[in-house]
Every structure is written in structure tokens, then in C-alpha cells.
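Below sits a lone chain in C-alpha cells, taken as the form predicted alone.
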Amino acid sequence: MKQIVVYQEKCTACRECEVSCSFSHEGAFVPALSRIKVADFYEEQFYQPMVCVHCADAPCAAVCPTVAIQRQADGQIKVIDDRCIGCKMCLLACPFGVMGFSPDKGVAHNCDFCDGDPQCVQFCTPGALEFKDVVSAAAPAKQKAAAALGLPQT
């Protein structure tokens, strides 16, 4: 699955990722409406871009009372706007605090990779963001277990 990979050491907290995301999705330069958030630890001079990692267990989807948050065939967690009632339970459940809420639409939102061309990655001039295929940390263990059981490996 392709994901946005963050290289924290390259982040300068310029927030171009947040601005490009909010403009792409909301038509306005409002970082608060962005699907990517830059956590600022000012005293430590440490900045951490935070974006949905499309968790394997997806606690946001587990708590959604209307099944508005679903995993897609490509592994992406997606909010179905027509089903979302705006209860914000998913915001509380997200372990990374990256679920957002659109006050104009009254629905939750998360990173949708901008249909395969994440604008935050395109505008990240320091190169702190990259959109690429990632392998699950559990993949080697799964392959080893499959081999031990004589199952085909993927």
C-alpha cells in the first residue's frame, strides 16, 4: 500500500503541507482544515508532521456508529460523507489525533491521498514527505509464519 512517509528530521514547520492540503480540499488556505497537521514542540525545536496512517485495526472505523468509515480495497481508510452524521467519535478514537472535521460539511475527514497525488507531498519543499509503497512492519513475520505452515507467500 502506498502511504505518506514522514522524514521528521527534514521538517522545518513551514506548514506548506497544511496550506496546500486545505486549499486542495476546502478551496481555502486554512491550515486548521488540513488533513495533515504539523505538531510543533517549540522548546525542543522539534516538528512532527502527522497524517493518517490508515491503521490496520482502524479504531476510527470501529467506533463509527453509521459505518461511514470503511477500508477500501487498496487498504485506505475512507470516510463516506453521505453516511457520516458528524458525531466526532472517530476524532476521539484516532490514536494519532489526525482525524479532522469539516464544520461546513458537518462530516469527519482524513487523508485521502488526493486521489493518488498528495498535494502536501508536492508542496513539501524541505522533502520531509514522500508518497511511496511501504511494507508493513509485520510483513516479514507473516511471511515466516506462512512459510512454516507451507502456505503460499505474497
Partner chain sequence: MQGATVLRVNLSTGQIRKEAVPEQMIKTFIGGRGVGSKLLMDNMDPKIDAFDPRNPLIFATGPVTGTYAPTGGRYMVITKSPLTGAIACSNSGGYWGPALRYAGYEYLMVEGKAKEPSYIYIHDDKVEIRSAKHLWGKIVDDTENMIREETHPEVRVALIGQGGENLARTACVMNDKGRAAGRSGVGAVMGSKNLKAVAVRGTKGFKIANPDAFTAAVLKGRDKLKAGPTTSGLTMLGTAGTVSYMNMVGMLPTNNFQAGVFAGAAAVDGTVVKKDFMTRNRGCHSCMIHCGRVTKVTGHGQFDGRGEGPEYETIYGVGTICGVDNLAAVIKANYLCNEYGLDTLEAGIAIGTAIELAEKGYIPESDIGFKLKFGDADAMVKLLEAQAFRKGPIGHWLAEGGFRLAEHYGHPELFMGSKKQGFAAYDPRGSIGMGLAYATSNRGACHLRGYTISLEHFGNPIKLDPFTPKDKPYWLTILQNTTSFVDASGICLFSTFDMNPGEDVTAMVSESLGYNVGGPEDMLKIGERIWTLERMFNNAAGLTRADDSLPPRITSEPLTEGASKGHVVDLEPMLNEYYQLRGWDMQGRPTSDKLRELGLA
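Residue numbers count along the first chain shown, from 1. Bear in mind the structure is a predicted one, so any value in this text is a computation, not a measurement.
Although not depicted, the form predicted in complex with its partner chain is the subject of the following passage.
Exactly one listed residue, out of Gly27, Pro65, Gly116, Gly106, brings a non-hydrogen atom to within 4.5 Å of its partner chain in the predicted complex: Gly27. When its partner chain is considered in the predicted complex, Glu9 lines it closely, a heavy atom lying within 4.5 Å.
Among heavy atoms of Ala56, none comes within 4.5 Å of its partner chain in the predicted complex. Contact check for Asp112: no non-hydrogen atom falls within 4.5 Å of its partner chain in the predicted complex.
Among residues of the shown chain, Phe23 is one whose heavy atoms approach its partner chain to within 4.5 Å in the predicted complex.
Shown without its partner, the chain has Val30, Pro31, Ala32, Lys37, Asp40, Tyr42, Glu43, Glu44, Gln45, Phe46, Tyr47 in segment 30-52 as residues with a non-hydrogen atom within 4.5 angstroms of its partner chain in the predicted complex.
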